[in-house]
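Okay, so here's just one chain, in structure tokens, the form predicted alone.
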């Protein structure tokens, strides 16, 4: 059976194995953030959003599609600012969805909203991993980012999560104005010292209209040189690997067996549902039709990406949603593009089926990708170290090979 036929075979509805729930509340907006969030309000506002999330979950659950949910990721915003209400989201999933017993359940947190009592409640409620938004252990860098925690609070929060028996993932950011290579090395060492089994490392992106972008564009803040940011990315790989935390994706590192199963789903083409304002999902065409995601789907659509309205009121009253329809050829090309984010790369047969052999060979001549396992049954394409640092160029060429 060809790969196109394989994708067409997805037309039998199956419950997406992965679920993302967006809790839109934050204590305050960070200077670099353009994710949808609102300042945490009164209890009534929180209750309305939680009821809306519960209702949306029940709508999906009522479809009675076959299959079970393997992973749940509760993000935001900062879910922990609503306290035990974040666990209410997990209970709503458990009550309204076919959630597998022992499923991988992650909740995002910021250091200032982590308490021993709350982490105990999470652990008892089935949460398996907490993703802690630290970004830096340097007080000056934290200030540039507009974060409200201190380095000491970050360390304390990490210790509290580990003591509760949950996996700890630490999010870090490099390429920040005022951040030196020495400061970055100290942040990496501090992250390792927390006992984290998973670390995410992202270079700062100056999103248009954010306070930090405005400060840089008007000359109030000096940006970090791109070469310095690349040096920080390479230092992170070396330092974390020496501590047994290996890179397995463009920006993610883990000790063996502690990779994020939820995030791996995004990069391997698994289907997932997005719940809550501004949440995104991706399902096969048959599931999209069952869920009424669009009034009409083109006959050659095999995959549908959707995004909920990025506004609480509009989302609550049924306003939605962006819908992108992908053909079989587009879906295969997307799978290659996402697969190249992984250190292990993507199977050469998938590249050939997507008609991307010539594109990858061109990228190989630029030393951005390489083919490994030649002559054996498991040949793969993967990015080189250069291609890792220039990932946007690689992914853009794969998605639009004729441009």
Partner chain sequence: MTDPALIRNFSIIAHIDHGKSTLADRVLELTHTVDGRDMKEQVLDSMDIERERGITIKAQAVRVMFDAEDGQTYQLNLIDTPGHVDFTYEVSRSLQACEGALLVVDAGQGVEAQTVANAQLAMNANLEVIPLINKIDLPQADVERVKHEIEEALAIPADEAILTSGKTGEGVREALESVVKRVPAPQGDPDAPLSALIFDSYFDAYRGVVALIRVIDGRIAKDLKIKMMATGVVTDVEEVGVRRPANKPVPELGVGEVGYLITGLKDPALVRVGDTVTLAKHGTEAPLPGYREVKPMVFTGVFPIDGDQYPDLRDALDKLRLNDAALIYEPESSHALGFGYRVGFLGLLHMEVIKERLEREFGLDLLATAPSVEYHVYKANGESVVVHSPQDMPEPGTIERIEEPYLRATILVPPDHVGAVMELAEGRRATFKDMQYLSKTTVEMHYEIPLGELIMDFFDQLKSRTRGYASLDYEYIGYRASALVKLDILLAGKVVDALSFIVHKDKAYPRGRVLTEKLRAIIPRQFFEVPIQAAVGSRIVARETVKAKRKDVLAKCYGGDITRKRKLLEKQKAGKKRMKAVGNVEVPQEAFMAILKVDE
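No experiment lies behind these values; they were computed from the predicted model shown. Numbering follows the first chain given and starts at 1.
One more form of this protein should be noted, the form predicted in complex with the partner chain, which is absent from this view; the next part is about it.
| task | Flag this candidate site as yes only if 207, 226 and 389 all have a heavy atom within 4.5 Å of the partner chain in the predicted complex; otherwise mark no. | result | Spot residues vs the partner chain: full contact, yes.
| query | Okay, which stretch from 210-218, 184-192, 92-100, 267-275 lines the partner chain in the predicted complex, with non-hydrogen atoms inside 4.5 Å? | reply | Stretch with heavy atoms near the partner: 267-275.
| message | So the partner chain isn't shown here. In the predicted complex, which residue out of 123, 293, 162, 230 has a non-hydrogen atom within 4.5 Å of it? | response | Exactly one listed residue reaches within 4.5 Å, namely 230.
| query | Tell me, which of 357, 370, 70, 334 has a heavy atom within 4.5 angstroms of the partner chain in the predicted complex? | reply | Of the candidates 357, 370, 70, 334, 334 is the one lying within 4.5 Å of the partner chain in the predicted complex.
| request: Give a yes/no on whether residue 177 approaches the partner chain to within 4.5 Å in the predicted complex, heavy atoms considered. | output: Outside the cut-off, so no.
| residue 15 within 4.5 Å of the partner chain in the predicted complex, heavy atoms | Judged by the heavy-atom cut-off of 4.5 Å, residue 15 is well away from the partner chain in the predicted complex.
| task | Indicate whether the partner chain has at least one heavy atom within 4.5 Å of a heavy atom of residue 255 in the predicted complex. | result | Answer no; every heavy atom of residue 255 is more than 4.5 Å from the partner chain in the predicted complex.
| query | Might residue 328 be said to contact the partner chain in the predicted complex, defining contact as any heavy atom within 4.5 Å? | reply | No, residue 328 is distant from the partner.
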